[in-house]
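Before any questions on how it binds or moves, here is one chain, the form predicted alone, in structure tokens.
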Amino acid sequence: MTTESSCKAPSYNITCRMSHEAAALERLCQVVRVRGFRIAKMAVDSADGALNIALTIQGTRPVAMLQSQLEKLHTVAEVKLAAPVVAAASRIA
């Protein structure tokens, strides 16, 4: 279900490297949700005992706050924030 507010919310790309532990992805998703963001796209790759996660998130809150909270998770080794994603108009007439 898409709401009007989520269509107007800016998008951001975040990459995260974290330890491959039980419930690690669940904790990451919970932090994203609690901090007021929505995951629009997520890709996960497992290599050398770590998870490499690429997220596209949407939200109107400061994304630096989310980055700071993700870095506090004990399983997270690194969080990188890319420039905001410019959304193309995708309306069907």
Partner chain sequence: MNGAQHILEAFHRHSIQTVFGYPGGCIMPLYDALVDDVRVEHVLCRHEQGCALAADGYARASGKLGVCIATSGPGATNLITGVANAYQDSIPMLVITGQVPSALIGTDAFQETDVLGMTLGIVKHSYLIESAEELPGILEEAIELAQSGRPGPVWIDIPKDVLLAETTVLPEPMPAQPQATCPELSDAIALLCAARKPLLYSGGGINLAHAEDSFREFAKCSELPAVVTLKGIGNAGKHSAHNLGMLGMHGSRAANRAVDECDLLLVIGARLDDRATGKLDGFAPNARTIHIDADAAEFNKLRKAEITIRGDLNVILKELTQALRDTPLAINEWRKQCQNWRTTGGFQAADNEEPLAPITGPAFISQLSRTAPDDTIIACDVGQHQMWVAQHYQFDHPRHHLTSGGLGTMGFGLPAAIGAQFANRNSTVINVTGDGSFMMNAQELATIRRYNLPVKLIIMDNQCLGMVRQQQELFYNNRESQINLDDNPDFVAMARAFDIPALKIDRTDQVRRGIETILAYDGPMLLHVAIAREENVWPIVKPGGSNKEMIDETRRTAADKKEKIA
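Residue numbers count along the first chain shown, from 1. What you see is a predicted model; the values in this text were computed from it and never measured.
The same protein has a further form, the form predicted together with its partner chain, not shown here; the description that follows concerns it.
Participant: Would residue 77 count as a contact of its partner chain in the predicted complex, using a 4.5 angstroms cut-off between non-hydrogen atoms?
Facilitator: Residue 77: no contact with its partner chain in the predicted complex.
Participant: Using a 4.5 angstroms cut-off on non-hydrogen atoms, would residue 46 count as touching its partner chain in the predicted complex?
Facilitator: Answer no; every heavy atom of residue 46 is more than 4.5 Å from its partner chain in the predicted complex.
Participant: Would residue 39 count as a contact of its partner chain in the predicted complex, using a 4.5 angstroms cut-off between non-hydrogen atoms?
Facilitator: Residue 39: no contact with its partner chain in the predicted complex.
Participant: Answer for residue 69 alone: is it within 4.5 Å of its partner chain in the predicted complex, judged on heavy atom distances?
Facilitator: Judged by the heavy-atom cut-off of 4.5 Å, residue 69 is in contact with its partner chain in the predicted complex.
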